[in-house]
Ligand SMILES: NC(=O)c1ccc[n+]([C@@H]2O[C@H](COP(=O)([O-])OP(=O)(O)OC[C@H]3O[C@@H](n4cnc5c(N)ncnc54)[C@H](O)[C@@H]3O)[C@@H](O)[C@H]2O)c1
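Next up is one chain by itself, shown in structure tokens, the form predicted on its own.
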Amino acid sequence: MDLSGSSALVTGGAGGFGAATTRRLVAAGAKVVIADLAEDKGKALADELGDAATFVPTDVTSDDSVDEAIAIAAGLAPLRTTVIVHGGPAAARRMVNRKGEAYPAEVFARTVDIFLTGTYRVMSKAAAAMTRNEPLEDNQRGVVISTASIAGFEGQVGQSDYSAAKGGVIGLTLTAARDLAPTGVRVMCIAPGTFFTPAYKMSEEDAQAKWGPGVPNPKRMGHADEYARLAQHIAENDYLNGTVIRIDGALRFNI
């Protein structure tokens, strides 16, 4: 799929993965809606990229908010690419603490709502908009790329809510691709390993020293642009569909 002359929606578009992906898609010729709640970062990125990028405050837990972002993207040009890479709470907490207390189900549900239900909300609504596009070669109308985590395969201690949510995103991928196949909309998922982003709230040098040696090869944390390059390739390669791609340097989480 040629991205030039189309629009793209990136949820979490002002964050580490999202900003790198936004820059890649703009460079490939797409008009991008940066859908995020981080207003200062979102506006700064949109100003940096000029007319090719638009910041739209977006809450992935709200139907109205997601509908607005999609409508704005579709108004710029045919919406053919959606990358779902928004973040959310990921505090480590054991299911039962040392006092024998379970952490509240409401906390678990909130994490699932953001990472899994939010992904479904954006995916389904974006796909519905894409079905109205004129078909390209091989009846292709667009692609939705979600973001899981290798924690969805090998959750670590304290990650029950996050791992469950990301495992749900993984499980959604093939079913959604099959559901949407008749419409010409593809669904793919990227499962990153340990990547350096501003979410670590420390210098990259310190983060690399702490977590980089645990990655088999290359022995470093991933860079956000490596995620973005993969997202762009998925968007442009029509034969990638229904698959979760790990990008993790062969890392497997251990207890």
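Start at 1 and count along the sequence shown; that's the residue number. None of the values given here were measured: they were computed from a predicted structure.
This protein has a second form, the form predicted together with this ligand, left out of what is shown; the following refers to that one.
Considering this ligand in the model of the complex, the lone stretch of 44-52, 212-220, 194-202, 22-30 in range is 194-202 [heavy atom distance within 4.5 Å]. In the model of the complex, this ligand sits within 4.5 Å of a heavy atom of V60. For V143, no non-hydrogen atom is located within 4.5 Å of this ligand in the model of the complex, even though that partner is not displayed. In the model of the complex, this ligand lies within 4.5 Å of some heavy atom of S149. This ligand is not shown here, and in the model of the complex it never comes within 4.5 Å of any heavy atom of R80. Of the candidates G184, G158, G168, G87, G87 is the one whose heavy atoms come within 4.5 Å of this ligand in the model of the complex; the others do not.
Counting a residue when any of its non-hydrogen atoms is within 4.5 Å of this ligand in the model of the complex, the hits in 30-46 run A35, D36, L37, A38, K41.
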